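Below you will find one chain, with nothing else, as structure tokens; this is the form predicted alone, and questions on how it binds or moves follow later.
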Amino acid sequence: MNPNLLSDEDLRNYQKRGYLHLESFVEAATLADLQRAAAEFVEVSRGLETSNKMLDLEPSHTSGNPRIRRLNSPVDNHETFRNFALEGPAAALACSILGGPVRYHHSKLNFKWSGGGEEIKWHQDIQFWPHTDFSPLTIGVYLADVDDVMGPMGVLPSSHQGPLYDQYLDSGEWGGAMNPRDVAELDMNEIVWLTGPAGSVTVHNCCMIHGSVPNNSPNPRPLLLQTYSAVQSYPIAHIGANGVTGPLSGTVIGGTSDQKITIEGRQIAGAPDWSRAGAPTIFGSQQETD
């Protein structure tokens, strides 16, 4: 992984503002591979009448007029997405921003279909999948040219340093978005809309307030998203999406993990990750070998 992928100014801007906007970051050949992979799932969707675990469809979806909201976990469903996120440009960018190595968490592809593709209300990500710190970030790649009418992502600069909002409804049910009363207190004139040609990249911190309006253009606005944290950051089980992120979640990229974590100022040198191989017994671990 190239640790010098970004300039010092880029890194300072990310720390201060909580986001980066990198136009035409992804090379043409890589972008074309991602576009072809995305198109394969559009064809798959034609054989579906309702959503399944892989594809989330709009209610008006038909075979002749496919309308996909989201491809869940593209990294686990296609080699092209897997290579891009775990070995390619997205992985390198995450390592550069976080000082690598990093820990992969999850991925998704939001299509935001043409002619009114659904808005994403103002929200913060960390409440969906809390970690042991606030290092997690999400790297997005526009797979098509995106202008102002296509529902580009909007971010509120430096909001990652502010309050973490309750995203439950007044009924007590999970709403996944900020309460309108809280949104009314934001200065919406400060929102930055991240447009750009296909291959442009967005990066936002897990505490950043962000969202998007409906896509009122005649073209879909596919945005490929992948989330990473610093290697010493761990998702907290049994809260939100943690634990249902796919079999590759937790993959360490750009190095190895020393399994150290700090809680209440005390550092723990934790045991190895046994989630895939299975845990040994304490008796076997304590036997010395020559």
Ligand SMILES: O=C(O)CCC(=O)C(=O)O
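Sequential numbering from 1, following the sequence displayed. A quick note: this is a predicted structure, and the numbers were derived from the prediction, not measured.
There is another form of the same protein, the form predicted together with the ligand; it is not shown, and what comes next is about it.
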item	value
Heavy atom within 4.5 Å of the ligand in the predicted bound form - residue from Ile120, Ala144, Val183, Ile191	Ile120
Contacting member of Leu225, Ala37, Ala230, Ile253, with respect to the ligand in the predicted bound form [4.5 Å, heavy atom]	Leu225
Which of 207 to 215, 164 to 172, 83 to 91, 183 to 191 sits within 4.5 Å of the ligand in the predicted bound form, heavy atom basis	207 to 215
Asn110: touches the ligand in the predicted bound form, heavy atom cutoff 4.5 angstroms	yes
In the predicted bound form, Met153 touching the ligand (heavy atom, 4.5 Å)	yes
Close approach of Arg67 to the ligand in the predicted bound form, 4.5 Å, heavy atom	no
Proximity of Arg221 to the ligand in the predicted bound form, heavy atoms at 4.5 Å	yes
Residues within stretch 247 to 264 having a non-hydrogen atom within 4.5 Å of the ligand in the predicted bound form	none
